[in-house]
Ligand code: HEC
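Just the one chain here, laid out as structure tokens, in the form predicted alone.
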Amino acid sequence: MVNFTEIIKTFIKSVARSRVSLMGAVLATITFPILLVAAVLDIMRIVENPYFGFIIYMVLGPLFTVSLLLVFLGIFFFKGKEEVGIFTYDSLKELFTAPNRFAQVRKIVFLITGLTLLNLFILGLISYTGYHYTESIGFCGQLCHTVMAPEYTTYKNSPHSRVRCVECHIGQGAQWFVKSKISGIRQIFAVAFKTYSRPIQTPVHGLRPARETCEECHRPELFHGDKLYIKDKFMPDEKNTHLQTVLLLKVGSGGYRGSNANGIHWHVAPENSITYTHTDTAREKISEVSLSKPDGTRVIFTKEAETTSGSSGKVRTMDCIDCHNRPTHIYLSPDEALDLKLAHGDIPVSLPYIKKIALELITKPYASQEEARNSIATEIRARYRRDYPLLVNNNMPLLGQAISGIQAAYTENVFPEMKIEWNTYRNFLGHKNDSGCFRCHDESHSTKAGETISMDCDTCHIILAENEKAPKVLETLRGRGL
């Protein structure tokens, strides 16, 4: 008769007699407690570090799985020279066919079932938490630090900084899951072999359909009314003169409870189907715009300069991303970056010519962010000690604050290691540098009858004040003395 103790001893001997099983057992013994404790720490968020998660789910998890497979394969397929007792085919056949051996079979079944359930629990826990780790912000933005540093930095400073990366980049369902994981494997190899593009190209052709993504939170048919927009600007003069532009943006809607579509979001109203033909991958050179109206008529606007360029182009239906092409990873221009820091008080306005000096320094070429930080700090201190020694001696913390603000303006927008300089990426929201709205609204796209796409400023906004010091309209809106 074979008792339970004998089964355990035989199991241990069978493992010891196979080098493969022995290696797997040693590996499992080492990784199991470490993996279990690490997973618990990660689940309880005691340790929040993307590399900690990587070690758990990308190294220890697979290693533990491999160790269990080695134990199984070693016992049944890579046995040593001596037989392994009850774990041979004949012994197992006898146990499961002889009526008087039921007690031993039951003990074996309980043992195997217990071990299997324990291992399945651990593997299930690791698989579940590992899956969520691969969809975490830390995994997407922090693991491949050099490559994704620009995207992660701009993401943190964006209006969508509380929306997980996967909410926009990965859709629901098995199709998007498989697509994202296959793409992820390709990206891992690109990072490992340093074959990724510098800078990272905007994935305009690889993202989910824009309306399907954006309208999970935003509903254009419910946008309505106008929005007051105030733009702060600081002049590069001695007093860093603060100017403000006040706009009334005609946000409008895509139709709301039977009302007609109006304003900026008229473009995405269901009754207005707009397609355009672009002759470049960036979608900036637009040769034709087609508007299908609710009554079934179609109006086509063409731009002769683009239609005669020799490229037939690609047709695209207009959606959110054609204007909001950088809703999250937003890179500012040098002026915008400094104006934002000055408006928020990160750079003290009281320092003479700080805007002018900062603009000069952040637009210089640097080999790395570290070089930029050091050069900015050294140059700022040197200039103010030379030109304003009394001010520096009495306001050292103020100078330090200015240095930190200027460094941040640079490092939040320029990443030399990834070849991202000022204005590397175009933002179509607005009409800077004859781009954005002016791709179509340039009065150069016309119909055969001579009708053009309007370039009138009042189409999308009303200018209430433009580059004024303390605009009176703001006093009226806010109330005097506020």
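Because the structure is predicted, anything quoted here is derived from the model rather than measured. One-based numbering along the sequence shown.
Keep in mind that the form predicted together with this ligand is not shown, yet the notes after this line are about it.
Asker: What stretch, of 229 to 237, 342 to 350, 119 to 127, 400 to 408, brings heavy atoms to within 4.5 Å of this ligand in the model of the complex?
Answerer: One stretch meets the cut-off, namely 229 to 237.
Asker: Report yes if all three of Arg283, Asp319 and Cys457 come within 4.5 Å of this ligand in the model of the complex by some heavy atom, otherwise no.
Answerer: Every residue of the candidate spot has a heavy atom within 4.5 Å of this ligand in the model of the complex.
Asker: Work out which of Arg383, His132, Arg373, His160 lies within 4.5 Å of this ligand in the model of the complex, going by heavy atoms.
Answerer: After the contact test, the surviving option is His160.
Asker: Among the candidate residues Ile188, Ile200, Ala377, Val392, which is the single one with a non-hydrogen atom no more than 4.5 Å from this ligand in the model of the complex?
Answerer: Result of the distance check: Ile200.
Asker: Test of understanding: in the model of the complex, would Glu271 fall inside 4.5 Å of this ligand by heavy atoms?
Answerer: No, Glu271 stays farther than 4.5 Å from this ligand in the model of the complex.
Asker: Wondering, does Leu243 line up within 4.5 Å of this ligand in the model of the complex on heavy atoms?
Answerer: No, no contact at 4.5 Å.
Asker: How about Phe438 - does it come within 4.5 Å of this ligand in the model of the complex, if we only consider non-hydrogen atoms?
Answerer: Yes - in the model of the complex, heavy atoms of Phe438 and this ligand come within 4.5 Å of each other.
Asker: Using 4.5 Å between non-hydrogen atoms, is Leu361 touching this ligand in the model of the complex?
Answerer: Judged by the heavy-atom cut-off of 4.5 Å, Leu361 is well away from this ligand in the model of the complex.
Asker: Is any part of 275 to 298 within 4.5 angstroms of this ligand in the model of the complex by a non-hydrogen atom, and which residues would that be?
Answerer: Stretch hits, in order: Tyr276, Arg283, Ile286, Val289, Leu291.
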